[in-house]
Structure formats: C-alpha cells, structure tokens
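Encoded as structure tokens, the following chain is the form predicted alone, with no partner shown.
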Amino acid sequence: MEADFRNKKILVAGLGLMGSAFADGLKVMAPEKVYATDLKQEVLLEAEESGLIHKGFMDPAEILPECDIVIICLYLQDALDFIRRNMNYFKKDCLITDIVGVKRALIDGIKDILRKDVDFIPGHPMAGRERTKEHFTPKSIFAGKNYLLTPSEKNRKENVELLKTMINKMGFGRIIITDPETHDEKIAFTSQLCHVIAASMVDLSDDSGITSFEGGSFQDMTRIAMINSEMWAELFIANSDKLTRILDNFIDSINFFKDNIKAGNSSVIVERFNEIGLKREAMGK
C-alpha cells in the first residue's frame, strides 16, 4: 500500500536553494501542512504569499511538536546546531532527515543526543544549481537526479520506505542506499573533487575575456566554479581525509601527463588516453 501523506505535517528547516525546492516538491503529495523555518522573516512571508508553504516560523520550537516529518536543509554546522538546540521539541515518532553533503560528521555530531523516540535517516540529494537572484528554486531541479540515503539498522523500515516514496514523488530518478563511510568516499570523488578542479581552472586565468576563446569544454568544466563558498569550504574540511587522498591521486595523474608531454612521449599518452576511454565507457552514464 502506497504511503499517504495527506495527514502529515511536514517542516522544511531552511528555505534556501534546496529547502525551497523541497517545499515545492512536497506539493505533489498534498500533505496536510507544509511549514518552514528560516532566519529571514521576509523569506518566510514571501513563501507564504506565493503559496510555497502554509506558514513560516522564525522559532522552530513553535511548530516542531506538531510535525510528523522534518527535512533539515541547512549547512553542516547549522544542521548540527538545529538538531542539538531543538532535540526536546521534536514530536514523538518524528521522521527527521537532512540534505547535508557529508554524512559521518553529521551522524557523529548528534549520535550522543539523538532521542530514541525519533527516527533520523541521513540523506543527500544529488541536485542543485548555481547561485541566482531568485529566492526560491523549483522542484524541477530534482528531475531524474540521484538521491543517496545512509540508513542504519536502528531506523524503522516503514520510515525508510516512507522517505523513499517521498523522494520518488518529488521526481528523483534513482535512490542509492549506502553507508556513511562509502558515501563520503564516493562524494569526495564525484562532487568535491569536481568543485576543486572547476575553481582551480578559473583561478588559473587572469583574463576575464578568456571565454571568447572557449568552445564548450571550458564552460562545461567551470560552470560549478560559482559555488556557495561557505558551504563548500565547510564540507571540504569535514571530509578532509577522503578529499585529500583523492586530490593526491589527481595530482599524480596530472603529473603523469605533465611529465610525458614535456618528454614528448606521444605513444605513452595515447595508450593512457585509450585506457581512460575504456574506463569511462565501463562507467556508463
């Protein structure tokens, strides 16, 4: 039997880029109420007036005791602070999830204070967009994207299934169940390394008109250089053991090409490119 959200009151903590997309995505499930908390009163008022949410709250304690599901759409440290500060206000049997881009630091940060009568299931939507002037983001950014979940044996199976249903209904294409250690290791490669490379490429050039000489590669590779600086710096440091190991491997690969280009070893470069091409094909889409 498919999960019914019509009697659920859902709170989105943080109406930023991702929080607003979640609020928009929840509409398709027609929950009883979609609430939000945010530090900016004007954002909450705009969200109410636009119909994005039913009601906004500056103080989470005012509404948390009523909420069946809480989606924490905050930076790592802010998410930790939110959970610690409001632990006594969560409704009994509440399902709590998050969207933080690293999992070990978050789980370790709350494991000693998490109440036994609430169910925290860590999550990470692999979706987003560059900064814009618009306050709110449409749910369309979720379409076909991956969603990572790191549940534990302590989580209730019915809540894991409820969360998976919610994710599917919001338009995500695939749900991957993994553990926090694997999550952080893979994300260091597929996400964090990419942001470091993009930022480094832009950092290398002092020519603001360099795009006059681009085809499509430079644009594709540097699109994500316009990043949320505070959030990504926090995530890099929280995952430093995984990310620095990946960066060491990346530097080794760059040095391989540098050394062989300098030495004029065309056949060696061709062989490596052929190996890489086969490797990429095996990865699929």
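Just count from 1 along the sequence shown to find any residue number. The structure displayed is predicted, hence computed values, not measured ones.
The form predicted in complex with another copy of the chain exists for this protein as well; it is not shown, and the discussion that follows is about that form.
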Is residue 115 close enough to touch another copy of the chain in the model of the complex, meaning at least one heavy atom pair within 4.5 Å? no
Within 4.5 Å, heavy atoms only: does residue 272 come near another copy of the chain in the model of the complex? yes
Quick check on residue 80: any heavy atom within 4.5 Å of another copy of the chain in the model of the complex? no
With a cut-off of 4.5 Å between heavy atoms, is residue 251 one of the residues that contacts another copy of the chain in the model of the complex? yes
State yes only if every one of 148, 205 and 221 has a non-hydrogen atom within 4.5 Å of another copy of the chain in the model of the complex; otherwise state no. yes
The listed residue (39, 237, 45, 30) that reaches within 4.5 Å of another copy of the chain in the model of the complex by any heavy atom is 237
Using a 4.5 Å cut on heavy atoms, which of 152, 190, 168, 88 is close to another copy of the chain in the model of the complex? 190
Please name which of the stretches 52-60, 31-39, 228-236, 65-73 has residues with heavy atoms lying within 4.5 Å of another copy of the chain in the model of the complex. 228-236
For the stretch 251-269, return the residues whose heavy atoms include at least one within 4.5 Å of another copy of the chain in the model of the complex, in the order they occur. 251, 253, 254, 255, 257, 258, 261, 262, 264, 265, 266, 269
